[in-house]
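Taking the form predicted alone, here's one chain by itself in structure tokens.
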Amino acid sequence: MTVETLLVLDLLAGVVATAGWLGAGATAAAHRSLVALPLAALALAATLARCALTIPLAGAGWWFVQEKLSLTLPLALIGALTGAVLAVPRLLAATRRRTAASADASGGSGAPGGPGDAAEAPGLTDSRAPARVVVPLFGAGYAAAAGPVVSLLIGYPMTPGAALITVALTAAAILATWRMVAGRLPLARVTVATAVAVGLAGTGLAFVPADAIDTGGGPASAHSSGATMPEMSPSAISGAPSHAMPGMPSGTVTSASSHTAPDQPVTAFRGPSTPEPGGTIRRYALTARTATVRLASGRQVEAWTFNGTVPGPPITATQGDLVEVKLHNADIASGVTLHWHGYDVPAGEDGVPGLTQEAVMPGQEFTYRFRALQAGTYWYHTHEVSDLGVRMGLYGTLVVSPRPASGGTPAETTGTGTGETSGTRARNAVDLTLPAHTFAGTTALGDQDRPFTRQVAPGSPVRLRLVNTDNTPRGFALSGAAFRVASIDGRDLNRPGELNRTRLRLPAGGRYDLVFPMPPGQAVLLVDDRPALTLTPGGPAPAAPAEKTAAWPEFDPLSYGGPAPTPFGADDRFDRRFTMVLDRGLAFSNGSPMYAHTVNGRAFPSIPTQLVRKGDLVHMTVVNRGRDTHPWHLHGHTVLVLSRDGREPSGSPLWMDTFDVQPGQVWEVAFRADNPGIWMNHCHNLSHADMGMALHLDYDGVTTPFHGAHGG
């Protein structure tokens, strides 16, 4: 049973226990013990089920049971024990008396719930009986409700303040119920007691860490100075020991870097102006503008475009080339930038408005330069209001080919976005870059929003570069041909094996390169079980039948390919360790409360910055205890996967820039801090990032002169 399933069952058990206890209290108040007793038994069974579920959850990690073991489960058990001891015996006595009365009545008014139910045992007819029976049952219900309420509204971590608030509000609800049921209890006494309980809840705010309530000048200022606490510069914490983040498990730390280098602005880290020896300058001009775009089906969509097309022009280069892209904003009112997703450009070229540059507003321009040192499949997109901008069409592909074996002479060319790179290609090879995107509920590969066909000679090498530009995972499958996954996120895999009839789950922002020789017959690429591209050996191709892939095994990159040495591994000594627990709950963002996607209980910009020094070996643990999938993306670095749910990769070393952390999963990754700057570290479901699931990773001594939304 997966951790996700255990979490869902625990939540369901909490809801059942709550409903059972509250239902038992309501029916007991109506003198219907024959109904109240089984409801109480159901609630008690659900409470015990929660206890049983907590055992395997605890084995998966402290993150999944922290609030359960520290508060909600003990509270539920106390409530259940109280209800069982105080109310259940009276319900049993009433039920026995009711059964005996029914036997004696011989057809009288003894039907369950009828008038005879009022003449029950003294335990329910005594003037004090309702409070003795009903209040413990309702109290058990309020205590049980803390489980699902805390999980859904507070999430991780359970702070002392949140615990005090929960206990105080539960007590206030019990007191209010006591007053309503008992009647004779003085209203003033109940009012005072309730006020005391609510007051205790209010004092719980004193236990909330100060940086969890952002007032606009606290943690946000830390993003520009590289500090983890409000209004502290790196020099102020020079030599400070590592400190645990509030609510984190013991031993999980975020380390404060010693400030040893003079401050440098992020604008100092810009790309060079010349290619490597033998390389070429590849110049592109992109203009962002609104436009009505006609897709292949003839359907027209209102879009935000680069050069009037969706996707934008493909940018291609060969290793060693200098890529120079001049971005002009014609009329995108919110502004636009270019972020090179997965490409480790210098920080000043990263295209994050308010952090590495100002947003390019209408009428303005910005030129990006970087050397194409990484071969592979990548993509670019705006990072200003990116959730909306990318959905509307501000994205395109970046493909860098390996350098040819023979040398070359530096040259200067102007790119139009339609040509091939100068990398070597096999004769008759077919190389297709296929960004998958959703326009108003319709999936398109490039601008093809309906199935399309390409003619390929049998035996020709085929490379399909799959790019997921959406916010959620996409399912791909190849029918009619065996294939290999040659690379993931632009990184070649070691000894990739042959696959057939295998489903591919591609994370948001991720890329898979599929390679295979063209078979004698058709090969069909399916997207979410629907034919999207048919490769045919010649002539018109008949419509490809939709093939159901649900029964096909799912590709697991952790067990694919052959092992190979890596520059570091799980047994190395790490200079920095960070844990990010992803969840959903109430949090403050820019001084306002919101139901946010959180990291360690906080929402951007209130999440403490992760501090590193150049050369550090950094370990990250990413835990998803929520109900959504989070494709995690660190700018400026490619991470090596160390484990998923405690299992180390058994196949090829897996280098990724975007990895899907599904509900209940725990990923451990590592990277060498070798690209100085200030970097976003966020969920690439861009709506989740917009709702708080983003933070910064800062290098010691790097500052930013910008103060936009991404800078806090």
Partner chain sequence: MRRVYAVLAGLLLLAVIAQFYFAAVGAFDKPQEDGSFSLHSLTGMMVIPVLSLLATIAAAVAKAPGRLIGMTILPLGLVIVQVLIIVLGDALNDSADNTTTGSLVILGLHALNGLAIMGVSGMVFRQARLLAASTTPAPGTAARVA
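Positions refer to the first chain, counted from 1. Bear in mind the structure is a predicted one, so any value in this text is a computation, not a measurement.
We do not show the form predicted in complex with the partner chain, though everything after this point is about it.
(message) Since only the chain is shown here, I'm wondering whether Y595 would be in contact with the partner chain in the predicted complex (any heavy atom pair within 4.5 Å).
(response) Yes, Y595 sits close enough to the partner chain in the predicted complex that at least one of its heavy atoms falls within 4.5 Å.
Should H696 be counted as a contact of the partner chain in the predicted complex, where contact means heavy atoms within 4.5 Å?
No, H696 is distant from the partner.
A100 within 4.5 Å of the partner chain in the predicted complex, heavy atoms:
Because no heavy atom of A100 falls inside 4.5 Å of the partner chain in the predicted complex, the answer is no.
Applying a 4.5 Å heavy atom distance criterion, does P130 contact the partner chain in the predicted complex?
So P130 does not count as contacting the partner chain.
- Of the listed stretches (562-570, 502-510, 459-467, 329-337), which one has a non-hydrogen atom within 4.5 Å of the partner chain in the predicted complex? Looking at the other structure, the answer is 502-510.
Handout entry: Option touching the partner chain, based on a heavy atom within 4.5 Å in the predicted complex, out of L558, M361, V149, L617
Key = Comparing distances to the partner chain in the predicted complex, the residue within 4.5 Å is V149.
> Pick from L81, A482, A429, L153: which has a non-hydrogen atom within 4.5 Å of the partner chain in the predicted complex?
Replying inline: Contact residue from the list: L153.
Select from 619-635 the residues with a non-hydrogen atom within 4.5 Å of the partner chain in the predicted complex and write them out in sequence order. R627, T629, in sequence order.
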